[in-house]
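Next comes just one chain, in structure tokens: the form predicted on its own.
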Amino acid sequence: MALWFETALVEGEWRDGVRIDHRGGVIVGVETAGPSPADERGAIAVPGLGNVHSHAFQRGMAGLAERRDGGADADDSFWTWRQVMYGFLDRLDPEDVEAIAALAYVEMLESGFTRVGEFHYLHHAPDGHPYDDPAELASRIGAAAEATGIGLTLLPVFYAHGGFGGAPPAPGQRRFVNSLDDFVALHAAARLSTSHLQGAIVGVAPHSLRAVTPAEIQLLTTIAGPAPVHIHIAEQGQEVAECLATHGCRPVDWLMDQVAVDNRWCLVHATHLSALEVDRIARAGAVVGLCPITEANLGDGLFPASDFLAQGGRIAIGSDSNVLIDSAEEFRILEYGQRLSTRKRNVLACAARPSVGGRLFRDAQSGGAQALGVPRGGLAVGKSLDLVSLDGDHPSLVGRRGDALLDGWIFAGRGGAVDSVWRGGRKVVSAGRHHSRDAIVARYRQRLAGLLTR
């Protein structure tokens, strides 16, 4: 069965009356034509988005860190939030991980994300010992992806140290830590455990400059081969200060002096950059993975998006801590943060793309594909049918055309604008609800109720 839409964003341009034919999950035809009687019809089609940065298990602790303990004068920051996160993950068993990830992936699909980059660093049992299968928890992530239908780029994380200079890991990091030999075995097992999933990709993720040494990063890029390489970098001012104290240079400069950063790389957050670092990332062709909801929630700071995009930099979006999963909100906060800091409007528009929503959506769709290791191009022959259908009767979309549809969804949608979602040719969302939502939510409730009372 083919799909027919009143209007569709095809290879970056809007076309009216678009018929998309697919076989085996792949687009085999895109034409401007009237609908056939058997076609499934929709109003507005856009390519699915890639969520380049997720810690799925953190969806279960959403809202649990929104309090300040220690008195009115106590500072709260990413580092205090991290202690709450360590306490939460200490309770998780494999069933919990799978149930929480499945709910997160349902919410991603309902929001318009069709592929997730799972930055997976939870490897061991709560006492820090490996499971009999080193990929036990990676397999649970794969099972959640399979149950929901989301595309998976699994990024097993190498984590060996607790701070710059090879400092020993802290007790709260015991579930993350591997030797290089153990990581090689884990990576191989993760590839095997996800090999049956449609379109699954396995990359690597050195956790951060705090958690790996230069020699380890170089070896990890070899393990990755042509697959994606993701890393947290320059997220916090404290991280920048510690890098300067240890290495005598800033994080991105240090990384680029150690390894050949190229278009395989996704630098996650990259919040605190010098002008030189902005230029170096743009010239390298790496993607910066921005997670504006989480970055706002943690008080990270603002990425210099206007300068980066002006230099041809590539961006993508992610949901990171999954405190709130909403693709439109990620774009909205990205732009609004720039407006608040510059006291100007429509900051991230440009002469070629005067629509903020239009520019950010295209950039993130292309950058997300690159960062997750899949072909760019969106709705085109030969590409996976990963498609989001918007509700043309939604109040924020009525009477709009072209990029005004993306502006309406991103800045005024409030929810409910996403009607249907196809991933790999399989329809997984209808009328805004994932087809397995009820069962997945019921399982999540049962697991989380037990988890929070342990």
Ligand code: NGQ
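Here the structure is a predicted model, which means the values were calculated and not measured. Position 1 is the first residue in the sequence shown; the rest follow in order.
This protein has a second form, the form predicted together with N-carbamimidoyl-L-glutamic acid (NGQ), left out of what is shown; the following refers to that one.
Is there a heavy atom of Q58 lying 4.5 Å or less from a heavy atom of N-carbamimidoyl-L-glutamic acid (NGQ) in the model of the complex?
Answer yes; at least one heavy atom of Q58 falls within 4.5 Å of N-carbamimidoyl-L-glutamic acid (NGQ) in the model of the complex.
Even though the partner isn't displayed, in the model of the complex is R82 close enough to N-carbamimidoyl-L-glutamic acid (NGQ), meaning a heavy atom within 4.5 Å?
Yes.
In the model of the complex, is there a heavy atom of N-carbamimidoyl-L-glutamic acid (NGQ) that lies within 4.5 Å of any heavy atom of Y86, even though the partner is absent here?
Contact with N-carbamimidoyl-L-glutamic acid (NGQ), yes.
Look up in the model of the complex whether Y121 has a non-hydrogen atom within 4.5 angstroms of N-carbamimidoyl-L-glutamic acid (NGQ), and give yes or no.
Taking the distances in the model of the complex, the answer for Y121 is yes, it comes within 4.5 Å of N-carbamimidoyl-L-glutamic acid (NGQ).
Taking 4.5 angstroms as the heavy atom distance cut-off, pick the stretch from 138-146, 231-239, 187-195, 340-348 that is near N-carbamimidoyl-L-glutamic acid (NGQ) in the model of the complex.
Heavy atoms within 4.5 Å of N-carbamimidoyl-L-glutamic acid (NGQ) in the model of the complex occur in 231-239.
Even though N-carbamimidoyl-L-glutamic acid (NGQ) is not shown here, does it sit in the model of the complex so that F78, H269 and L298 each have a heavy atom within 4.5 Å?
Yes, the whole candidate spot contacts N-carbamimidoyl-L-glutamic acid (NGQ).
Identify which of K383, H247, R359, H207 has a heavy atom within 4.5 Å of N-carbamimidoyl-L-glutamic acid (NGQ) in the model of the complex; exactly one of them does.
Residue within 4.5 Å of the partner: H207.
Can you name the residues of 414-428 that have a non-hydrogen atom within 4.5 angstroms of N-carbamimidoyl-L-glutamic acid (NGQ) in the model of the complex?
The stretch 414-428, when checked against N-carbamimidoyl-L-glutamic acid (NGQ) in the model of the complex, contributes no residue at the 4.5 Å heavy-atom cut-off.
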